[in-house]
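Here you get one chain, nothing else, as structure tokens; it is the form predicted alone.
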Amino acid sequence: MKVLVVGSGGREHAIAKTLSNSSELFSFMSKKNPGIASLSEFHIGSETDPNEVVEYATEVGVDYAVIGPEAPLAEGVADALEDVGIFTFGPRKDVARLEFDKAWAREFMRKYSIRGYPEFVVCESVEEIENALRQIGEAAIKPSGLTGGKGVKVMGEHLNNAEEVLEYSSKLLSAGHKVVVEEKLEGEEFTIQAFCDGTNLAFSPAVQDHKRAYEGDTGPNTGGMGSYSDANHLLPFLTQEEYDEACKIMKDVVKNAKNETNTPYRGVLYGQFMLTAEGVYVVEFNVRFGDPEALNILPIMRTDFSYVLQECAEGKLGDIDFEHKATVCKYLVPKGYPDNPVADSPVYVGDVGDTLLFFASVYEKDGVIYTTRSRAVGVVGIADTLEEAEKKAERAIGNIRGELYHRKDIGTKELINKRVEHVKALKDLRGR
């Protein structure tokens, strides 16, 4: 079967690598990703232009399409592909609002009494934000629209006082966003990604991402510096009951999204959750694979991805099998990232053994890979234990040279134990 992958990052390289085992692969990229290019026939163009994507897809005669990033979904690329008869693994625009309109997503959860949302107020003026802060107290400030995963600011972490909140919120309002002011949640974040055919959901192992740029969870937010998953498909701080609670929320979202929009949700639903002393809360939903989280789950997926696409197209999605392996993903980024990254710097990849390598925001010139201003290379160690997987990733990184930086602490016993102790302390405080 012929499959088109839309997107040009590390996530899309992982998608392409997974599909290339059993499909004839085509890709539509905004810039040439050398990893994806080596696996597919490709076209360079605007990923957010529905007409251009459809023109290429019909020209090469693909049967299915998989959309990697959120921006094409927000622009209706899935709608355009499906309107010409190409099954697309990625939701249509009206249900993709779950990600690109955070105000809508929160109000949708409240309307259908879907558990797990914090107290929140949707604001369209500075005065409304001031009133919301008086009502909620310490809060998280969220732009309603897409900001590349870097728009959320939390009081006490990124914003020190109400004055800074109002200054930041004013910028968001000026940029055309509504502002969602919501209760600050205390706990540990985790992600579950579900494959959906419009009715049925098949869940992947839980993953924990690391947004902060520097070790010890310090520095500015990024698109994600790395992530890990455990061999039992849970996380060291997460119980089966808590995992199941999050899955139940996602099932309710898919069911009620169809009720609300009259459109079945088909593609990946990414649930980002916070495990608190009071239980599981929803941080946000994304309508595509996570990046880096896709790099953890796709390499251990036993079920043929091409077969999953066929099942989703027929509305007959069954269970998806994943290996019981631990994974640790670490992103190599240009020095100075995210504030002042070193661009156009060469990257030299040596022997990485059986560790997986995924190219992200890089370009190739005269056979040499160069950095841009974003994440460059994702490295994934896979083993029976987290400790072994982390060591594999570090060994491979030792054979990659360039003006690069990575978080050495991701996946280490020390950092994971801090997360476990954090959850234990919160539960002890509440007597759970």
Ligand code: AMP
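Please read all numbers here as calculations on a predicted model, not as lab measurements. Start at 1 with the first residue shown and count on from there.
Quick note: we don't show the form predicted together with adenosine monophosphate (AMP), though the next part is all about it.
Undergrad: So, in the model of the complex, is L201 in contact with adenosine monophosphate (AMP) at a 4.5 angstroms heavy atom limit?
TA: Answer no; every heavy atom of L201 is more than 4.5 Å from adenosine monophosphate (AMP) in the model of the complex.
Undergrad: Taking heavy atoms only, is K142 within 4.5 angstroms of adenosine monophosphate (AMP) in the model of the complex?
TA: Result yes; K142 sits at the interface with adenosine monophosphate (AMP) in the model of the complex.
Undergrad: Would you classify L166 as touching adenosine monophosphate (AMP) in the model of the complex, given a 4.5 Å non-hydrogen atom cut-off?
TA: L166: no contact with adenosine monophosphate (AMP) in the model of the complex.
Undergrad: Could you confirm whether D230 comes within 4.5 Å of adenosine monophosphate (AMP) in the model of the complex, counting heavy atoms only?
TA: D230 lies outside the contact set for adenosine monophosphate (AMP).
Undergrad: Decide yes or no: are L234, A389 and R419 jointly within 4.5 Å of adenosine monophosphate (AMP) in the model of the complex, with each residue judged by its heavy atoms?
TA: Not a single residue of the candidate spot has a heavy atom within 4.5 Å of adenosine monophosphate (AMP) in the model of the complex.
Undergrad: Among 314-322, 341-349, 121-129, 177-185, which stretch has residues whose heavy atoms lie within 4.5 Å of adenosine monophosphate (AMP) in the model of the complex?
TA: In short, 177-185.
Undergrad: Heavy atom within 4.5 Å of adenosine monophosphate (AMP) in the model of the complex: which of E189, D252, E278, D217 fits that? Just give me the one.
TA: Checking each option against adenosine monophosphate (AMP) in the model of the complex, the one that comes within 4.5 Å is E189.
Undergrad: Name the single residue among L133, A74, I300, V283 that comes within 4.5 Å of adenosine monophosphate (AMP) in the model of the complex, judging by heavy atoms.
TA: Selected option: V283.
Undergrad: Any residue of 196-211 with a heavy atom within 4.5 Å of adenosine monophosphate (AMP) in the model of the complex counts; write them all down in order.
TA: Counting only heavy atoms within 4.5 Å of adenosine monophosphate (AMP) in the model of the complex, the single contacting residue of 196-211 is K211.
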